[in-house]
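Consider the single chain below, provided in structure tokens and representing the form predicted on its own.
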Amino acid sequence: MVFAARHVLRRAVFFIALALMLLFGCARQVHRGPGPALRPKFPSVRVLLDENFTTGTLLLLGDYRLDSEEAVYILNKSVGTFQVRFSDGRLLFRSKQRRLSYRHIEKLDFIPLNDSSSFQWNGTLYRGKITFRKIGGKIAVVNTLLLPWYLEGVVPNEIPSHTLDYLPAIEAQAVAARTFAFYQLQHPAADYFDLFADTRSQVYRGTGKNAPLANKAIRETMGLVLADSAGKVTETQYHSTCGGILDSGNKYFTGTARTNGVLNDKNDGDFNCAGSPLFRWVRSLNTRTLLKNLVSENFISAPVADSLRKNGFTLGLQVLSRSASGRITRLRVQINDHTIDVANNRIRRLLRTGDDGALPSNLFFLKSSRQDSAKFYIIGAGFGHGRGMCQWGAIGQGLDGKTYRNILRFYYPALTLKKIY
């Protein structure tokens, strides 16, 4: 009887401890099959959030499964916020409730167990899976999620999405962004991810932004992409503001209104993107800032720059070539006996005027100051490369009553809509 009582007591203690762990514990070790499939009709995309991670924070909202060598864990917000660090070859996750340490790993997946699960990485909300992957001694952080969810994190960050009158342009943007992403699925940026989260692909900032019009546009254009005459999905391009003149750098992205070979972004004689804050712009640059930029862009060394500042110098800027749209493609800088030729987007970085970043576009001309020989003005138009859809032009067309189909036909006349899901 004593033995039986002790046995019952031990069983009671065990089950009470188990219940407390499930209710309050930071993790529980389980052995189960994969979680439910997440709407397999939608393709998934892999987005690179960080290519050289060292420190960060991770909060799991909803149930996530972590498969590791020692066990399978179910983790959620009860574990608290992980402080995540990669140092000396060790990947460490530490919260008040849990500590996980991995030294010899190639890949670590936090897999959502249902559609409602999400996570915060460095304070930004994301849906889908987060993966920590070792690449050449570094840790890359990749978010894998369904394509519609990805678009929710792209569209409102690529085009103003707060005004109902902009809806046709937002819908056009949804189609262009979906096309670009789907193309990248077929031509991934690397073997372990498809897209960057920044302007190297499309700007993706998670799914926490409250943008009902963007979500509406994604739903109403569900599955639509742009394809060529053979039905092949293409690498669509777009930009903020063309300044009234589109660039003809790609056969698929030519506008319809031509005057003497120039692709004008006009309807009824008016520039579609005239409402953009960067339709026209002016910057001023002094020679000392230009000298600093030459050093930062590795055109001259710091000692050479110091010598030029100390002894004085003469400066000449010469436009060597422009594209058919008037955008500068080659610029020559002459400083004393130094001749430096700069091409394409690097021109925008070289002529930056301070902490405000690169010039908005290559569509500009230069003018010397009458009062200050060490100063000149950059008088320009537009923001971006000018190829494909002009986002502010799309807004202008939408305000004039054009539909998203009209807008896409204007900016991508060689392409047609195709439904992929």
Partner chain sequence: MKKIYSAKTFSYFLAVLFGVSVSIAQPSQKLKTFLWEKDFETLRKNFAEDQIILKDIGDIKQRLELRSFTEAPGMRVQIFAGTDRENAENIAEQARAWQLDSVYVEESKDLFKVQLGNFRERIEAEKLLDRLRFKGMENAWIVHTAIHVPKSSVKRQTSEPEAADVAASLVYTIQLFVTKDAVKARQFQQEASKEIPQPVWIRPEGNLWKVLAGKFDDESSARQSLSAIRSAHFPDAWLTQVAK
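Residue numbers count along the first chain shown, from 1. Every value quoted in this text rests on a predicted model; they were computed, and no experiment measured them.
Keep in mind that the form predicted together with the partner chain is not shown, yet the notes after this line are about it.
Contact annotation: Phe364 falls within 4.5 Å of the partner chain in the model of the complex, judged by heavy atom distances.
Taking the partner from the other structure, the partner chain in the model of the complex has no heavy atom within 4.5 Å of any heavy atom of Arg98. Mapping the unseen interface onto this chain, Phe42 falls outside it, with no heavy atom inside 4.5 Å of the partner chain in the model of the complex. Interface membership of Pro160, defined by any non-hydrogen atom within 4.5 Å of the partner chain in the model of the complex, is confirmed. Heavy atoms within 4.5 Å of the partner chain in the model of the complex are found in exactly one of 309-317, 89-97, 123-131, 219-227, that being 309-317.
Note on the partner interface in the model of the complex: the residue among Phe180, Phe271, Tyr238, Phe119 having a heavy atom within 4.5 angstroms of the partner chain is Phe271.
Residues from 377-407 that approach the partner chain in the model of the complex with a non-hydrogen atom closer than or equal to 4.5 Å are Tyr377, Ile379, Gly380, Ala381, Phe383, Trp392, Gly396, Leu399, Asp400, in the order they occur in the chain.
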